[in-house]
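Take a look at this single chain, the form predicted on its own, given in structure tokens.
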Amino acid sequence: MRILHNHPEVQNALSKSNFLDIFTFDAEAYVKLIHFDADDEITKEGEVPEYLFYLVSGQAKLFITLPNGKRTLIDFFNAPCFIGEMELLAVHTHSRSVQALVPCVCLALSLDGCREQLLSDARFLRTLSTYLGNKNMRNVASLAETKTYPLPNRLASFILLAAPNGHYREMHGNAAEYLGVTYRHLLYVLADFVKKGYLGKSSSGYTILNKEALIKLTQAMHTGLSVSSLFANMDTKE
């Protein structure tokens, strides 16, 4: 992890994003830029959050620990998106575990410095409401897909999410729970993907050999919103 403050790279990230337009107050005074390496934890489960993050580039995944102690994969985040908004709104008092899937760059707002300004900023709250509404629509669409479409379609979509660099190495248990299928069923479809030439088996996972075939299976579902599209039509003006 590398933290930058009052650095040209911070200004560059701000100028290339719409981040400062989300607020009516001078948010720049509270901003840091944080680089995370792949597999770094952006937020750690159970900790009181220090920042509201805005993922500028990269991809991350969300885990929770169930009452039985089992750690479960819940969701994927693609830039641009917020991380920690539910803790800011006190829906959760402590952070969930968010882990960088690839190298990630985040703009981080210090909550100690501007929590009250955030919670009283009408422009920011309207932006956040739009974001959460779109996120909920995506989750509903994802649930519909889980109930409607066969595993090959859903697994193809999952692999594309989990392997942005073309190498799939998600633990089978995590994938099976995320997709709502048995471990055995998951391995059967993975083996079929290898047989068809979609994937190649390696010592540390699988390599995507036919991305077009996986995309075709994913597009057949015709539903859902990617996290990366959540800000596409966002109105940040008052």
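As the structure is a prediction and not an experimental result, all values here were calculated from the model. When you see a residue number, it is the position in the sequence shown, counting from 1.
Beyond the structure shown, there is the form predicted in complex with the DNA, which is absent from this document and is the topic of what follows.
Checking L88, L151, A108, A163 for any heavy atom within 4.5 Å of the DNA in the predicted complex turns up a single hit: L151. Comment: the DNA is not present in this chain, but in the predicted complex one of Y206, Y30, F63, Y178 has a heavy atom within 4.5 Å of it, namely Y206. Note on the interface: of 208-216, 50-58, 32-40, 183-191, the segment with non-hydrogen atoms within 4.5 angstroms of the DNA in the predicted complex is 183-191.
Taking the partner from elsewhere, K44 is found to have every heavy atom lying beyond 4.5 Å of the DNA in the predicted complex. Within this chain, G197 is remote from the site of the DNA in the predicted complex, having no heavy atom within 4.5 Å.
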